[in-house]
Ligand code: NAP
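Just the one chain here, the form predicted alone, laid out as C-alpha cells.
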Amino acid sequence: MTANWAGQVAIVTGGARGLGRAMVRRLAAQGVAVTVNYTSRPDAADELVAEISAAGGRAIAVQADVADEAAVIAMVARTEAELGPVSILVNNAGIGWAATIESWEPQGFARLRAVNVDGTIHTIRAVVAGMKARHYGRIINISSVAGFGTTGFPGNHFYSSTKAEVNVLTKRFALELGRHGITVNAVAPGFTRTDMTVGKRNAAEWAEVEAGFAKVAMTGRVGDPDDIANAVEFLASPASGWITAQVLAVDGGRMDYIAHG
C-alpha cells in the first residue's frame, strides 16, 4: 500500500458520539472512508455520516453490538461491500461499570468484559484475515489510564481490569500480527470532556469534577476529544508502520496512579 491515506477504509466502533465521533471526523478529513458503528444512537450516527458526505467524504452508519460476534462479522462484510477492504480498525466502543468488592455481581461484570474485552477480540478477528492477505493494517485499541493499575478513582476496580486486559492483548496481538504488516497499538485516554462524562451534571457540578481531574494532571486541564483523536490519527497513519505493541497514555500527565512495583 502507498505511503498515503488514499483508498483507505476504517471502522470506528462506538463512532457516533464522544471520543469516537472526533476520531471519525479526523480520519474522514484525511480522505478515509469510514464506517460509523453505533449501538443505540442512530440519529447521532446518521448525522455524522451526513456531515462527512456533505464535505465530499464517504461514510456509512452500521448498528452492531461489538459483544455479538455475528453482528461484528456482518458489520465488516457490509463495510467491505459498500466502502472497500478494511485497512484501519479503531476499537473505541466500551462501557463503564462502577462497583466495589462488596457490590460486584456476575451479570454486570460479564457485560463489562463482553463489550470491553470480547468486543475488541471480535472486531480484530473479523478484519485480520483481509489485512493479512493485503499485508497491511492499522489496529488501534482504546484503553484507559485506569488500565495501568488503576487511578485513584473509587469503584473503578473491575473497569480497570478490563482495560488492563486490553493493554496485554494489544501487545500479544502485535507480536502475532507484526510479520503480516499489521500494527497493533492502544491509546489510553485520561479524563476527557464528552457528553457522556458530563452526563446529567449541571454547570456547577461539572466545574467541580473538571477542577478535580485537572488538579491531578501535569498540564492542569482535562482532555478534549480531539486530544485523543490526534493520537489515533497518528497511529492509524501509513507513516506509523514501525510503531507497534505500544500503549500510549494521552492524559495530560496524570499523577494519581496507584502503581506499586
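Since the model is a prediction, treat every value here as computed from it, not as a measurement. All residue numbers refer to positions in the sequence shown, first residue = 1.
Unshown form predicted in complex with this ligand; subsequent notes refer to it.
- Among the residues Ala236, Ala229, Ala28, Ala64, the one placing a heavy atom within 4.5 Å of this ligand in the model of the complex is Ala64.
- Only one of Ser143, Ser87, Thr170, Thr79 comes within 4.5 Å of this ligand in the model of the complex through a heavy atom, and that residue is Ser143.
- Judged against this ligand in the model of the complex with a 4.5 angstroms heavy atom cut-off, the residues Ile95, Lys163 and Thr192 are in contact without exception.
- Judged by heavy atoms within 4.5 Å of this ligand in the model of the complex, the contact stretch among the candidates 173 to 181, 79 to 87, 109 to 117, 130 to 138 is 109 to 117.
- Residue contact check for Gly18: one or more of its heavy atoms lie within 4.5 Å of this ligand in the model of the complex.
- Contact check for Met196: a heavy atom falls within 4.5 Å of this ligand in the model of the complex.
- When this ligand is considered in the model of the complex, Arg41 lines it closely, a heavy atom lying within 4.5 Å.
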